[in-house]
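Just one chain follows, in the form predicted on its own, and it is written as structure tokens.
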């Protein structure tokens, strides 16, 4: 999955800092696809959240547990159904949506078990990706999308406009929409912004029921 090299002043990735800033202190949080628990650990330290995590990779689970985090092995596509409704204030899916088999179903489950959902993903409509395809006629491989087409974990490439359209189809409310450009600058944008779709490397959405 695409990653952002820029880090915030707190030491975590800027996209994770954006997510953390959306979360109220002392909230109940589930981080789906939490990796080694970087975001969860930060949220517990800075927001005093009641945090839980789910991670597909056993290596990621072991690293998170070694940090003292409550993380279990699980698959976003199949295991969210096991959680009761409204169990969390926020359910986070950070740069994992494009690697799920059924993104729409995953979002439905997130909003079933959480009052809010926070979703971030790499924007496949970024101008460098478009230029790569137009000029080279091949799937891009760069720091934004570092995998070759035959080994990428990404299943469903998504653009900002695609995601906004999906939210409208699902009648899901977009509370906040932010983009992060290649320089690490954060911009708030409206749902119909073509500018964000062209220049946003990553997108972060706060969704509500």
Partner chain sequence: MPNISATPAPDALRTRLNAVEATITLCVDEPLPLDSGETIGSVDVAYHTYGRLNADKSNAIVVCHALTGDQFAVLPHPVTGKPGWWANLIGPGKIVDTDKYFIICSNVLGGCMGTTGPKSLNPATGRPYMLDFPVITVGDMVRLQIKLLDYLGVDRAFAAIGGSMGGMQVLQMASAYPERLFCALPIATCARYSAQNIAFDEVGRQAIMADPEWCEGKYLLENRVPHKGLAVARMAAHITYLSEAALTRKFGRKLQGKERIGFGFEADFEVESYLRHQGSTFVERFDANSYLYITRAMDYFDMPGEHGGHLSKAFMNTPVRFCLISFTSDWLFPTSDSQAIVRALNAAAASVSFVEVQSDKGHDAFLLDEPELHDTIRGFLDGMARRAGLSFGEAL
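Quick caveat, the model's predicted, so the values are computed rather than measured. Numbering follows the first chain given and starts at 1.
What follows is about the form predicted in complex with the partner chain, which we do not show.
| request: Identify which of 27, 62, 46, 176 has a heavy atom within 4.5 Å of the partner chain in the model of the complex; exactly one of them does. | output: Exactly one listed residue reaches within 4.5 Å, namely 62.
| said: I need the one stretch from 119 to 127, 135 to 143, 101 to 109, 70 to 78 whose residues put non-hydrogen atoms within 4.5 angstroms of the partner chain in the model of the complex. | reply: That would be 70 to 78.
| query | Is there a heavy atom of residue 155 lying 4.5 Å or less from a heavy atom of the partner chain in the model of the complex? | reply | So residue 155 does not count as contacting the partner chain.
| Contact between residue 90 and the partner chain in the model of the complex at 4.5 Å, heavy atoms? | Answer no; every heavy atom of residue 90 is more than 4.5 Å from the partner chain in the model of the complex.
| request: Report whether the minimum heavy atom distance between residue 183 and the partner chain in the model of the complex is within 4.5 Å. | output: Residue 183 lies outside the contact set for the partner chain.
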